[in-house]
Structure formats: structure tokens, C-alpha cells
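The chain that follows stands alone, in the form predicted alone, written as C-alpha cells.
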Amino acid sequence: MLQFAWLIPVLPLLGFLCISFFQKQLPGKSAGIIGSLTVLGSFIISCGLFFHPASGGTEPVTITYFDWINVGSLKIPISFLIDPISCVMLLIITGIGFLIHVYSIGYMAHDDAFGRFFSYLNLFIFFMLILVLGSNYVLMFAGWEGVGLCSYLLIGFWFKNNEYNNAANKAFIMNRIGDLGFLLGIILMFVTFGSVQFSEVFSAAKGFPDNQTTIVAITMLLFVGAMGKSAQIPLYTWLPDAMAGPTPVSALIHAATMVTAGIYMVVRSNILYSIAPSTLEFITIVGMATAIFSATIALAQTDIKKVLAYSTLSQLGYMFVALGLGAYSTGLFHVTTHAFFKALLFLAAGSVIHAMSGEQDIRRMGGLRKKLPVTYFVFLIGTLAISGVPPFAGFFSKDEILAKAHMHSELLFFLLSVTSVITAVYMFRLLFLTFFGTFRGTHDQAHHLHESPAVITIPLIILAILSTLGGFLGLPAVFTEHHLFGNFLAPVLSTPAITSLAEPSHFFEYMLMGISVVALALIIYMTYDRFAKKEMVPSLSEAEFKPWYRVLYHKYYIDELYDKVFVKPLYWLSDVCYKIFDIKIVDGVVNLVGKGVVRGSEVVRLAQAGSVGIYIFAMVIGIIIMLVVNLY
């Protein structure tokens, strides 16, 4: 199966080319079918690689196809790295990506740019596959930039709305800030190691002592890139605004692909990070801050997609905390379970929006479980999974992160536990306000309420099954000594010095699970009583908000702060540069040259007045000058 690895990214690329060039000739929903089948083909080959002996072996397999860049000592081939990490990411990207493609056939069926949408989706999948398959940092960076470009195209897909264009610009610009750090990290890496190939860099890095200054600098710069792509403080504000794109785009970006690129990069670079404990500590702090900060914001949001967006930020913080603790397999395990239930939640939210004729405000919903039974059921499963209710997927991965955090720091464990409680509160608030109580929408919306077609609900059901069973890939030690997910990744992951080799006791595990179940039961009861039984719906009037609620509703006014501190000063500086440098200096020099030529011409043309006497006088003067020159 290794000989077909090149087809994994090439198939979506072919789909992109085919749809782009022939979309006007393609009948009906052919663009969606072509786009879906190409990703399905990549998924099938990825499954073959996953079960190939090389994928779980101790030695990763590098497949080189041809040289890309060969300048002096810089040699960068187009080559793919097949190992447990890349195989897991391939299955997530192509598997979830295929379900999102199928879902999009129904969701985007009536959009005028149906073909263009699928061409962008396929291109996005292609670049994401390049990112995780590349065997060197430059190829990874090519995919990294590619998904940034595609996210810009997809977020601003409905470009006739200027707000959506602004959201796309915001995502693109903020990612460029992080990407600059990533690029500087790659340059410093090449200067230090003389190579950007994973195998050569990691082999050379093993000889460096812990917290060596250069290694810390490289890992910090790489993490700056991860902060932008995976939306960590302070480069996170683009992610909620990315909700401007169609709902399948939100699922693709927020669940399985783009935002997990930073997680993948750190896991792939685990050898570098393991010898940079200072960087790992910094990652833990940033991840924890992002997790609890974004979770509190989600408590007050009323847009169904915005709640899920801030939930994504919080869960990404969880993942980075795991990575910062050196628990790389735990972080990737949560990436996997999160891909299942977050894709499910976003797509289920899309089904609700589809039924509500585009309405996204949960204050104008309510009572939808009777009209949308399948959507309600799968949304309930997604909510149970992300809240950590056993035996759903999120319970096992979040429990594992909490256990690792407790081994490192009781304060960290406490903060993560508080974040977990907040997650359950805002998710059940979202569930009950959307599906319980009385319907609060318009008469026209009530008249058109209906369950989504099978092309939308079938992917939801599959994701619901994965969200239910996915956690059994990583059962805790109290149930079995064989952690399937961790054992699969173990051959390619290092153990940093800061990670304790001791595992939490069985008593602690049972206590953690017991307290979690009791706390979740209380949260479910309290949120049900408040939002379903008493129907305490947030006011539509901002004037009635309590001060603390207003602060959370406006996201701590961080966007306004960035606007005053960064955006407006840059606009002012640009205006000054335009008026002084562009107009007075650049344009002034150009205009001065033009005016000089005109004025000089006015003087010179006086010699061409048509007077024969002047011409004879000029000839005589010329003859005298030539004689004098020849004489001396």
C-alpha cells in the first residue's frame, strides 16, 4: 500500500482541478459527488496505510519522489513520512473530511456557487494532507500556508457580504503573524542543524542538552506559528469570526483540520520540545489561559455557531495543556475524539440553521426536538461527549488530560476542572435553549420547520456513533493496561524530562470519574431547570444585561482593545506614510522630473525659433569651438 501513498493528496487535487475547470459543464450535483469520491479514495488508501506494518513499526518510512529545492547545502525533496502520527491524522482528515463533503451536498444544494465551494473544499483537503505527510518542515510549511489560503477563500465564500470579507481578511492577517514566527523557526533550524528534514533534525537534536538556548528559541518560534493556526492567546480572535463561512466550513476548520495543525506540528516535533522544558511550560500556561478564558466567553454567547467556536478554542487549550505536560499521545487522543464530537456539533448546528431558514440566534429557537428528532438526538450525543459524560468519547480523553494535570500541578488540575464544569454548563445551556421549551421564532419559520434530508442526517448519525465509541481507543489503566491509542503512538514519541513516569493510582482514577459524574448530573439538572423548565431565555435587549454578562457577551472587549492598540495606530501610520512619503516624496520626485523636462524643453525650444541669422551664428560658434579644440 505504500506505493499508493502519493495518491492520498493527489486525488483531492485532481478533484479540485476537475471541478474548477469543468464546473459549468458538470450537471446537477456532480461537483459534490466528484469532490466526495476523491476524498473517499484518499480515506481508503489511508486505511490501507494505517493497517500496513510500517505504520506501527519502530522505524518511520520515508518515501522520496523527487527533488524540489537543491541549492548549495539546502536540499528539500518532495517526500512523505509514514508513521503512526501521520496515519492517525490522515484518517481524521480524510474520514471527517469525507463526511463533511457528503453533508455539504445537501447543505449547499441551492447555492449558486455549488461547484466553487467543492473545489475549495478539495483544495483545502489537499493542502492539509501535504501538511501532515511532508517529511520536512518546508513541505509542512507549504501545506500550512495552503490551508491558510483556503481558509481565507472558504470563510469569505459569500463575498458579497462585506462583513464576511472582513472576517476572511482577519483570519488571513492574524495567521500571517503566526506564520512569520514559524518561518523564522525553520530558518534558525536550518542554520543550527544544516537541514530541515525531520529525520536529520531530530537525530542531531538528541545531542543537545535540555533548555539549550537555540533549541528553546526554535521551539518558541515554531509555537508562535501554532498559536496563530490553532488560535491560542493572543492570536485567537480570528477563529470566532471565521463563523462567517458556511457551516460545513466551520466543521472542517474547527474540528478535524486547520486548527489542529498546530497540535500536529508540536507532536511531530516532540523530540525538539522534549529537550526544551521551558517551552513546554510556556505552552502549558498559554493552553490553560486559552481554555478557561474562552470557556467563560461561551457562557454568554447567543449565536449557536459562536458558542461552538469558543468551545473549540477551549478544547484546543486542553490539547496544548496536554502537550505542555509532555503527554503527546494524550493531546493527540483528544484531537481525535474532539474531531468526532465537534464535527458532529457543528454539522448538527447547520441542520438547525437549515431548518430555521438561516437563523442562528438561540434566543429565537426553542422546542425544536419535536420537529428535528434526528438532529436533536445527535446534538445531545455531541453535548454529552464534549461535556465528558461517560461512556462518550470526550469523557476518556478529558479524564486522561485531567489525570496528567494532577500529576504535574494541583493548581493546573483545579483550573482544568473548573473549565470542564464551565464547558458542561454552556453546552447544556445551548442544548436546552435550542431544543426545549416553546418555539420562539417567527410564524414563517415554524411553518417551514422540518428534519434535514438523509444526505445531511446520515453523516450526523455516523459521527454520533464515533462520538459514542471513539473514547474506547484509550481506556484508562483502571479498566485495562492496554491503551490502544497510546501504544500505537509510543514508538515515535519521546518522553520529556518534566513528565513523571508515575501513573495516577486506581483510587484517584475512580474518584475522578465519580466526582465528574456527580458534578455533571448536577449541572444537567440545574441547566434543565433554568433553561428548559423555567425557560429563562437571555434578553434580546443589551440594556437589560448584567455588567458581568455584558463583559462576557462582548468577549472581554478584546477585539475593541486590539482595534485601538493595533489596528487604528496602523491605519494612522499608513495614512501618514501615504500623505508624506507617497505623495510628497515618491510622487514629488516623479513629478519634479516631469516638470524639469518640461521647463528644460521650454528653454531649449527657443533655439528652434526659425531665425536664419541665429542658425548661421550657431554654426560659426561651432566652427570656432572645433578649431580651438583641435588647436589645443
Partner chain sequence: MLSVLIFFPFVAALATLIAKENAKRVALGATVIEFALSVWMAMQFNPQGGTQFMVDYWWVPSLGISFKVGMDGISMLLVLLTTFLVPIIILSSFSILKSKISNLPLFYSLILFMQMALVGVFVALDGFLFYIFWELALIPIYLICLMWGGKDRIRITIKFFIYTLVGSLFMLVGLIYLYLQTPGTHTFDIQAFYNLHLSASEQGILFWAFFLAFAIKMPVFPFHTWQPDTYTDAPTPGTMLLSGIMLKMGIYGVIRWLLPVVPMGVNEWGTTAIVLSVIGVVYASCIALVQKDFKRLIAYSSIAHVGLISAGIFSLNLQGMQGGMIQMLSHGINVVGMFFIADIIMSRTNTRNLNELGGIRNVAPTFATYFVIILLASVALPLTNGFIGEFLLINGLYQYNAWMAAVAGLTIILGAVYMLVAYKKITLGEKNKLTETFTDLTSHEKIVMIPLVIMIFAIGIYPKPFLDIAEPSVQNLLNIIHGTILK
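Throughout, rigid core stands for the largest set of C-alpha atoms superposing within 1.5 Å between the two forms. Note that the structure is a prediction, hence the values are computed from the model and not measured. Numbering follows the first chain given and starts at 1.
Beyond the structure shown, there is the form predicted together with the partner chain, which is absent from this document and is the topic of what follows.
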query	finding
Contact residue in the predicted complex, chosen from 507, 557, 159, 414 - any heavy atom within 4.5 Å of the partner chain	159
Sole residue of 202, 439, 172, 545 within 4.5 Å of the partner chain in the predicted complex, by heavy atom	172
4.5 Å heavy atom contact with the partner chain in the predicted complex for all of 68, 138 and 187	yes
Exercise: residue 601 in contact with the partner chain in the predicted complex, heavy atom 4.5 Å	no
Contact of residue 59 with the partner chain in the predicted complex (heavy atom, 4.5 Å)	no
The partner chain contact at residue 120 in the predicted complex, heavy atom, 4.5 Å	yes
Exercise: residue 565 in contact with the partner chain in the predicted complex, heavy atom 4.5 Å	no
Candidate stretches 524 to 532, 404 to 412, 321 to 329, 175 to 183, one within 4.5 Å of the partner chain in the predicted complex by heavy atom	175 to 183
Residues in 122 to 159 with any heavy atom within 4.5 Å of the partner chain in the predicted complex	126, 127, 138, 141, 142, 145, 149, 152, 159
Post core alignment: residue 565 C-alpha displaced by 2 Å or more between this form and the one not shown	no
Large Cα move at residue 28 between this form and the one not shown, threshold 2 Å, rigid core	no
Is_shifted residue 591 between this form and the one not shown (CA, 2 Å cut-off, rigid core)	yes
